[in-house]
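In the block that follows, a single chain appears as structure tokens, in the form predicted on its own.
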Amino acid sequence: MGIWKEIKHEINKLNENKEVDILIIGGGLTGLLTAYNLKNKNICIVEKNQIGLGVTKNTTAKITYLQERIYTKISSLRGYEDAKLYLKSQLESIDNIKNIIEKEKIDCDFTKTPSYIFANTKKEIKNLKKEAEFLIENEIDIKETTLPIETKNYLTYKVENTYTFNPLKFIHGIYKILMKNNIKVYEETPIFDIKKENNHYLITTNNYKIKAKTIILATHYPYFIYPLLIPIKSYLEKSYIIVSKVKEYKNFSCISTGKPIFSCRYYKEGNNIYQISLGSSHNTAFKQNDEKCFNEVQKLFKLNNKDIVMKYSNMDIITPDYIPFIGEIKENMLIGCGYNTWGMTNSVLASSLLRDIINNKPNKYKNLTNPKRFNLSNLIKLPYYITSGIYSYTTSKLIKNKSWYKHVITKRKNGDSIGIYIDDLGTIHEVKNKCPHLGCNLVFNEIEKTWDCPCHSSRFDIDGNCLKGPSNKDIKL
């Protein structure tokens, strides 16, 4: 569980067959905000677990357009005008979420928080200057300054009109509005199959079926491969977050432009003040020792063990051109994913764009985020994505007992690969060491005590319960 505490509420599971015009699959920011924007429609939401407890609970929750060097990267891959359009989408999304919070009076610790970006290596100075020049050309008030935290930096810029908040408090504020508008949200309701029948989709859950004219996939990673082909159009990046107690609250967020990624913000809860530190981001295919990665973050931020209150990781889909996948992928099936670590703003962008597509209204971002796009950046990075997929799958099969395992062994049992975790009390927890999604063998996360898929980011607890997709099945024996 991340820094954002779970908010208790009555859980409603699907208990009957349903027919709706629009079914939203996924109860995170994208799913709930899209329903909020479509609240006059015949609509319902299904969520495999509970609302907000997927990727959302693990985010650092920065609402910012200062996103590393994303604009110069997009400009080099897609052209200056697309980079400019993406910047507009982020600014507009910040305004939209601000307006929703103010209009609906949602208490979610929404705070105007200056954002800093800095070069942590000498090589990054030139790149950061180019990023700043782009922002200045597009009328962003960005100023050279000094970083308000002690770490290696060679050049720093600052902008003022950015924010932070508590994403679970925000989600529950939206949830209450949906309840008032009689939009049903069914939690603990996994989807096992989607079939097209004539002019509608038939969706299979645990015990019931849903008939829908239109489906919106608002999950982190879709459980199917075709038609979006995400595995060969993206890669997964894992980041590590350490939350530590500090004495002084500092109202700012920051991120570096070079490796290792250095990102942090502060959060106040009652009398407690926390620093949320993120680092050691990497492609999941090539680096899987989670304990080592957490140690790297602790060393980078010079954190004392006595101050640390929690450690957790998060996954993000990185697209070839750093622009999300939002739009229609086949007739009456839409998607919003691939947010490149910037889910707070891009989930808002997705919710308004998906609304306009369904309502047949023009939207200037429709072509920019078209999930079916295939351009030069896809072609250039295709070998890397294919290599990543092959490497993660192959190494998961060849090396099941990792050299860093302390409390875990894997073995064959009745023809199956079995993962065995022995907890601190000596209790033995056995699971199938194979992801039900596409068959990759799992890697045990010694810090968070989870079985993680290195191929497509499914996650399971020590007893085999599926915590996060794309898998929609458990790995219990």
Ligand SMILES: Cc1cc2nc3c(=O)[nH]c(=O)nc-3n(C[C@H](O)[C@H](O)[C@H](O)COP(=O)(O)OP(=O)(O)OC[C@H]3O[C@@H](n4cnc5c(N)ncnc54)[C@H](O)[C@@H]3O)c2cc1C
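Each residue number is its position in the shown sequence, starting from 1. Every value quoted in this text rests on a predicted model; they were computed, and no experiment measured them.
Not on display, but discussed next: the form predicted together with this ligand.
Only one listed stretch (358 to 366, 310 to 318, 128 to 136, 389 to 397) carries heavy atoms within 4.5 Å of this ligand in the predicted complex, and that stretch is 310 to 318. Glu47 belongs to the set of residues with a heavy atom inside 4.5 Å of this ligand in the predicted complex. With a 4.5 Å cutoff on heavy atoms, Gly27 counts as touching this ligand in the predicted complex.
In the predicted complex, this ligand lies within 4.5 Å of some heavy atom of Val55. For Tyr235, no non-hydrogen atom is located within 4.5 Å of this ligand in the predicted complex, even though that partner is not displayed. Contact with this ligand in the predicted complex, judged by any heavy atom within 4.5 Å, is made by just one of Thr257, Ser89, Ser115, Thr341: Thr341.
Only one of the listed residues (Ile74, Leu278, Leu334, Ile183) places a non-hydrogen atom within 4.5 angstroms of this ligand in the predicted complex, and that residue is Leu278. Scanning 209 to 238 for heavy atoms within 4.5 Å of this ligand in the predicted complex gives Ala218, Thr219, His220, Tyr223 in sequence order.
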